[in-house]
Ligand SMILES: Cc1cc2nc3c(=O)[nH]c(=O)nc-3n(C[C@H](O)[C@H](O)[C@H](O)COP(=O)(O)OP(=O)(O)OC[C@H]3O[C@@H](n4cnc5c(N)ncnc54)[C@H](O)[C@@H]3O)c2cc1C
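Have a look below at one chain only, the form predicted on its own, in structure tokens format.
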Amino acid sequence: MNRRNFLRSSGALSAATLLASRNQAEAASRLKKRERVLILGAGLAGLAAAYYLTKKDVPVTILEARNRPGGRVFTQQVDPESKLHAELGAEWVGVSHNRMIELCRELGLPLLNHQFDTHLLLDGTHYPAGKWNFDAGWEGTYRKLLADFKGLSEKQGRTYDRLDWWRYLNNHGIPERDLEIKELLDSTDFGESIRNVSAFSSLSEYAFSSEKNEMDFRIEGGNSRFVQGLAAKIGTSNILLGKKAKLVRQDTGDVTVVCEDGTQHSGSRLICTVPVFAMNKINWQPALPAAKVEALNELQYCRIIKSVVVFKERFWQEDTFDMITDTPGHYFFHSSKNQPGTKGTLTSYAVGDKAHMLSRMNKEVRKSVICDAIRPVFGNVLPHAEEVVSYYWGGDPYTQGAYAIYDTRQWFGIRQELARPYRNVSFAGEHLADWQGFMEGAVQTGEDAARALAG
């Protein structure tokens, strides 16, 4: 059983997916031939929806507030001399991410191995990859908990949704040192402390993850090539940039979007793929239902900063080097893996309060703090650091966070409300996916919403 099938059987599948799977024929009958569909947002959900509709010969117009498509997929050249690039946004394609893998194949985009062997730096002591582990007794308990979770009923799932992940692990006897390591490791998956995420959400992720927790591949040349490939298939003339939605008006049988630049765009249906922060800034006429507004206000997005440090040489030597730490830099990985040259990059991936703290530093101080974080392992590497390129998603003007994080009592509650269509508007985006924080989820929700309209 894969994760999607499990969520369907446990009553936890998103409303958008249910709409697509149960009401395809009815939804398709509502969309007449050659009726235009508007799409808010040119992130992966919006692009995937548009690509699906384009293949069904449905005309589309995507309205994107940024000056580029891709949303939270953002490849950046970090060193012009060596042409090294890194991902400042979405990073990994997992082994189980079937749609991403299929679409990459369709677009002619090779996938490269992007797996690592994890070192641990805890309390100033370095434990090389393969030289540390969890308590043997707890490891066995944990594996059994994950296995048992796959047979969970909906009622049991709702019970787990009332607990946070930290409390759940405590209740099942995790040793104190292992809990500290789980906090460091798992917070990189959710972008905040494990005290702020539902145990159901956590269990449903780890029970169905690949061996490397879906941190398996990246797209050769950068993930933005995927964005460019989809945009080319859709037609760049159908993707309008710099179009920040100010008002969405639903007239009888029509939807009109008024943008801040004064332009107006109309269609018979609208697929809204923007994050909840941006959605809340739109004037909806008629107003969104009170329950949906309440859900928009409840859902939080995690704070993540990615800081790519360019070094004169790859002193870490191991191509598969990554390291989880209790330092401000938090998690480090070799982001120039599979890129040629003498120079190399390590990316610091910090979450929550650490991310916010790093974001408030100027570039030189941030570079110094990040280099100092790995001093116990490599000594003083600051003289070898040439540049640091950072992006703090907690301060992004359109998202105010990297991706959605479902806290206690939210997975079986506000998630369904957020996905519920409203009149001629349907919703998609990674926040509605079966799995937050991955490109796969955004693509699936976009395709689900498009399928519900066009069959």
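The shown structure was predicted, so the numbers you read here are calculated from the model rather than taken from an experiment. Quick note: we count residues from 1 along the sequence shown, nothing fancier.
If you look for the form predicted in complex with the named molecule, you will not find it shown, but the lines that follow are about it.
Interface residue among 92, 127, 142, 168, judged by heavy atoms within 4.5 Å of the named molecule in the predicted complex: 92.
For the residues 343, 244, 225, 212, the 4.5 Å heavy atom test against the named molecule in the predicted complex is passed only by 244. Heavy atoms within 4.5 Å of the named molecule in the predicted complex are found in one stretch of 419 to 427, 395 to 403, 382 to 390, 50 to 58, which is 395 to 403. Residue 119 falls outside the set of residues with a heavy atom inside 4.5 Å of the named molecule in the predicted complex.
Although the partner is absent from this view, residue 306 contacts the named molecule in the predicted complex, with a non-hydrogen atom inside 4.5 angstroms. The named molecule in the predicted complex is approached by residue 273, whose closest heavy atom lies within 4.5 angstroms of it. The closest heavy atom approach of residue 66 to the named molecule in the predicted complex falls within 4.5 Å.
Contact here is defined as any heavy atom lying within 4.5 Å of the named molecule in the predicted complex, and by that definition each of 282, 349 and 437 is a contact residue.
Counting a residue when any of its non-hydrogen atoms is within 4.5 Å of the named molecule in the predicted complex, the hits in 46 to 80 run 46, 63, 64, 65, 66, 70, 71, 72, 73.
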